[in-house]
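Quick heads-up: it's one chain on its own, the form predicted alone, in C-alpha cells.
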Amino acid sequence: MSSRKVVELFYDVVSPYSWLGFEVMCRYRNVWNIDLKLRPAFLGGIMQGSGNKPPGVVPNKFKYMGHDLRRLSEYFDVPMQMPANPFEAMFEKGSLPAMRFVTAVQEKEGDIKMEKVSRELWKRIWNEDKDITQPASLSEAAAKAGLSDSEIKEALAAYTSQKVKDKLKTSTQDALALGAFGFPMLVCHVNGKPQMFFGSDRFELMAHCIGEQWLGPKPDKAASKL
C-alpha cells in the first residue's frame, strides 16, 4: 500500500476563497489517501512578503469577487455572503487577532478544535457580518465551536503571547518560502518534493498530481451515485 501523501493547507479566515479550500480538503481528507495538515497563517504578511496586492484594491476585481462568491457559495455548498463593508472587514480590521487566536487554540487544544474554531470565525465574517478582532468575538466563535469556558480563557491568555505570535509568524514565513503570494495555498508533498497550488480552483489538477480522483465539490454525493 502506498504511504499517505502529506497535503498542507495554508489559510487565513479573512479569505473567503480559503474557506472553500478548507471545506473541500476537509471533505476529501478521508476520500483521498492523504494526511491533511492545517497551517493557519497571516495573509497580510503573505501580501507584504510577496509584494502582491489583494483583489479588493482593484475595482473591477472587487466587483467580480461579489458575483464570484455567490456562485461559489452555491457550487461548493459553503454559506458565504459579502459583509456590508467588505473593505473594512478585510483591510481595515483584518485578521491578525483571529489568526493568533486560531494558532493559540491549535497550540493548546490541537487540530480538531482549531478546525472548528476556524470554521466559526469564517462564518462570522463571511456569513453573519460580525467582528473577528475583539476578544469577545473570539470567545463567541470558540464557544460555538464547542470549547469550554476554561479552554477559551486559556486561548485568550495565550493568543497575545510571544510564543503564539512567533508560531504564526513561522507558519507565514514557511508559506512564503514555499512560494505563497495569496491564500488558500495547498502544498502536496510528492516523492519528497513540494508541489504548490494556489486558489480554490485547482483541485482537479492537484488530484491528478497526487494520483487521486476529483469527484467534485461534494465527494460523498458523487460516490453515492457511482
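Being a predicted model, the structure only gives us computed values, none of them experimental. For every residue, the number given is its place in the sequence shown, counted from 1.
Beyond what is shown, the protein has a form predicted together with a further copy of the same chain; the following relates to that form.
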{"property": "Heavy atom of Y75 within 4.5 Å of a further copy of the same chain in the predicted complex", "result": "yes"}
{"property": "Contact flag, V58 vs a further copy of the same chain in the predicted complex, heavy atom cut 4.5 Å", "result": "yes"}
{"property": "I210: touches a further copy of the same chain in the predicted complex, heavy atom cutoff 4.5 angstroms", "result": "no"}
{"property": "Partner proximity in the predicted complex: F197 to a further copy of the same chain, non-hydrogen atom cutoff 4.5 Å", "result": "yes"}
{"property": "Sequence-ordered residues of 7-36 touching a further copy of the same chain in the predicted complex, heavy atom within 4.5 Å", "result": "Y17"}
